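Here we start with a single chain on its own, the form predicted on its own, put down as structure tokens.
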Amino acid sequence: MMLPLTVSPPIAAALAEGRPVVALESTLLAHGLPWPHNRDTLQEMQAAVLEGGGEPAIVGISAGRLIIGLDNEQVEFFARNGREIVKVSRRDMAAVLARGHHGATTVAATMIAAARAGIRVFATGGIGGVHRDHDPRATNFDVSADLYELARTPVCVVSSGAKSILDLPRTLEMLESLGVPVVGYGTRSFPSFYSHDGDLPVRHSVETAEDAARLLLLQSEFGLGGMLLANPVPEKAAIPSAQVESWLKDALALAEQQSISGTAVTPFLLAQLHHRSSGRTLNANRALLVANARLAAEVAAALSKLDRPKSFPRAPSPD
């Protein structure tokens, strides 16, 4: 059976020639940002990847085919018709492909597609995680598939931590339990998406893209799964975490008052943060997305220059 998978000619050529490629998700287009910020931000991300020496590969499902490298017409369609496009994680991929539908790939689904194509670096805004209403004793707890995908799929995800509407301490704990290395880029604190003043420590950090690439190569060579490279939001666009928490507390109270639950919670909270911040959260989101794309290109470029070992070193012979 032929897989419904298409790698666009520019991406296929870059991969064949060993040039750096950076995966980008289509959920940003369909569900992440409002029109026309979604299209404009993605174009800025593409430009940042190109400036960093990489080839941007937007991943999405179009008419029942998994596309690695959506073209301009497909990007415009995703950006303008988000409500008609299914949000696709690991559990949804086969069903959406089989039915011939359109699908916007989440972090988890984009990682799967990237790994299948041989792309080792992926830039996004913030990963999913453990929701704030998570209770280990409850039956309705909500944990993102992104965390499990990071544990098993050998792709480096460059993000500004996890979305600040989540339970960040528990998200970090879950990543640790799953064995996912969380590596701060120029920081020893876990970025809290919109904010630059987080106080959750990370065990490892690097200062250069070259150091990140060396770490990623070792992670890959030993078959240890994925890696999260945590890049703080640019300082000029950052919002103090106490201010974000204040807005979020009010938004959560309003969501409870209006009986908003399930998948409707996240978009409601993000819309509330946008309203209460007078657009500052949107500006921060755009800034961090572009910064993460630029860093991902630098890491991919550094990775492409590293020679992969031809064989495992031999142990010294006993005397």
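The structure displayed is predicted, hence computed values, not measured ones. From 1 onward, residues are counted along the sequence shown.
This next part talks about the form predicted together with a small molecule, which is not shown.
- Shown alone, this chain has one stretch from 275-283, 44-52, 248-256, 26-34 that lies within 4.5 Å of the small molecule in the predicted bound form by heavy atoms: 26-34.
- The putative spot formed by K87, V107 and H131 is fully lined by the small molecule in the predicted bound form; each residue has a non-hydrogen atom within 4.5 angstroms of it.
- Contact check for F193: a heavy atom falls within 4.5 Å of the small molecule in the predicted bound form.
- Interface membership of M93, defined by any non-hydrogen atom within 4.5 Å of the small molecule in the predicted bound form, is ruled out.
- Although the partner is absent here, S144 lies within 4.5 Å of the small molecule in the predicted bound form, judged by heavy atoms.
- Taking the partner from the other structure, the small molecule in the predicted bound form has no heavy atom within 4.5 Å of any heavy atom of R120.
- This chain is drawn without the small molecule; in the predicted bound form, the residue among G226, P232, G126, G103 with a heavy atom within 4.5 Å of it is G126.
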